[in-house]
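Taking the form predicted on its own, here's one chain by itself in structure tokens.
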Amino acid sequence: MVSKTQETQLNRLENQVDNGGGGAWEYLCLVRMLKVRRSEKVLKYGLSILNDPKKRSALGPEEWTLYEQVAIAAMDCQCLDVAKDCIKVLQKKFPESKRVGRLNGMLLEAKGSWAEAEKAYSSLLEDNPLDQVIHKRRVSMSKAQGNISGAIELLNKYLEIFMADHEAWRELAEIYASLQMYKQAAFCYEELILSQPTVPLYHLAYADVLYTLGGLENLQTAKKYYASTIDLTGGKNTRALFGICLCTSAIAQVSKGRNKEDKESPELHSLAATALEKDYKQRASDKLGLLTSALRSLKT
């Protein structure tokens, strides 16, 4: 994840290059280091270096890294002829490279030649079954074709091997949630929380899924994870504050007629509501009336 400082640095450097102040290579290196996709800029400034023999030769071994970077950016921009030319140069330099083979597969994807791309990836996986990039390309390819069940199957197989890949767990969770398969999504978020317990995003997403599932036990657990999100964000997560209020109200409805121990104290609801009102006064005072009305309807 890119920090605000890094994003500011990247934007400043981009403006500098846009205005003719130099630094194109430094900008391309920073884009690569931060793993962000600014494909139009990368294509423009990458080609300006590659098409200048003096600038290209000054890069030394980094020349080949730039060819790869420009090839991927060209595919993003559907400049497939440029991508093809870059890959040809790399193939000539590294005829047996699996990395260049992956680029060829990506080019076939960009052309919509799905069967050929799948064949290319399968061949590469035979040589190296643990190539994470190719496994992920196959998942992306399934999603691009609208084959969501295929993407789920591939992700599950991938996670059997690479169980510590947080991004894969998150992607699988989001796919399950989009298909309203909330129990499966909850399992994925549980895995993420176990491996990265201090990331508030996972606590919040897990709470959302549990609230959606409903039922007293799920609502009580959802409330706890909304509370942990608030704790991890220093009380500054508006969505989690709303979640506390919604859960408290829903628990009160579900608990009607039950034993007193099943009912919850309204204290946390009151604290969350107060925090929301304070936040709205500071940032959206014109919406404060709507908030007050909404919270009143959730009184327990």
Partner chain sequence: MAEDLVLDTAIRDWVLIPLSVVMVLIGILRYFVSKLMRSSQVPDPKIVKEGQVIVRARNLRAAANFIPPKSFLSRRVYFSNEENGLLFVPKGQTQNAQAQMFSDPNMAMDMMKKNLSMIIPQTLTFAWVNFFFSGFVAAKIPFPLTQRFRSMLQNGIDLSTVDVSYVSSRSWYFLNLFGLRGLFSLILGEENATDDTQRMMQMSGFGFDPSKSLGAEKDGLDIVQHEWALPKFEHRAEAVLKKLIR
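Residue numbers count along the first chain shown, from 1. Because the structure is predicted, anything quoted here is derived from the model rather than measured.
What follows is about the form predicted in complex with its partner chain, which we do not show.
Residue heavy atoms within 4.5 Å of its partner chain in the model of the complex occur in exactly one stretch of 138-146, 213-221, 68-76, 170-178, and that stretch is 213-221.
The three marked residues, Leu107, Gly112 and Tyr121, fail to reach its partner chain in the model of the complex, with no heavy atom of any inside 4.5 Å. At a distance threshold of 4.5 angstroms between non-hydrogen atoms, Ala227 is in contact with its partner chain in the model of the complex. Although the partner is absent here, Val36 sits far enough away that none of its heavy atoms falls within 4.5 Å of its partner chain in the model of the complex. In the model of the complex, Lys278 approaches its partner chain with a heavy atom inside 4.5 Å.
Using a 4.5 angstroms limit between non-hydrogen atoms, Asp85 is distant from its partner chain in the model of the complex. This chain lacks the partner; the member of Leu80, Ile193, Leu201, Val133 within 4.5 angstroms of its partner chain in the model of the complex by a non-hydrogen atom is Ile193. Taking a 4.5 Å heavy atom cutoff to its partner chain in the model of the complex, the contact residue among Val31, Ala250, Leu43, Leu241 is Leu241. Contacts with its partner chain in the model of the complex, taken as any heavy atom within 4.5 Å, map within 150-184 to Glu160, Ile161, Phe162, Met163, Ala164, Asp165, Trp169.
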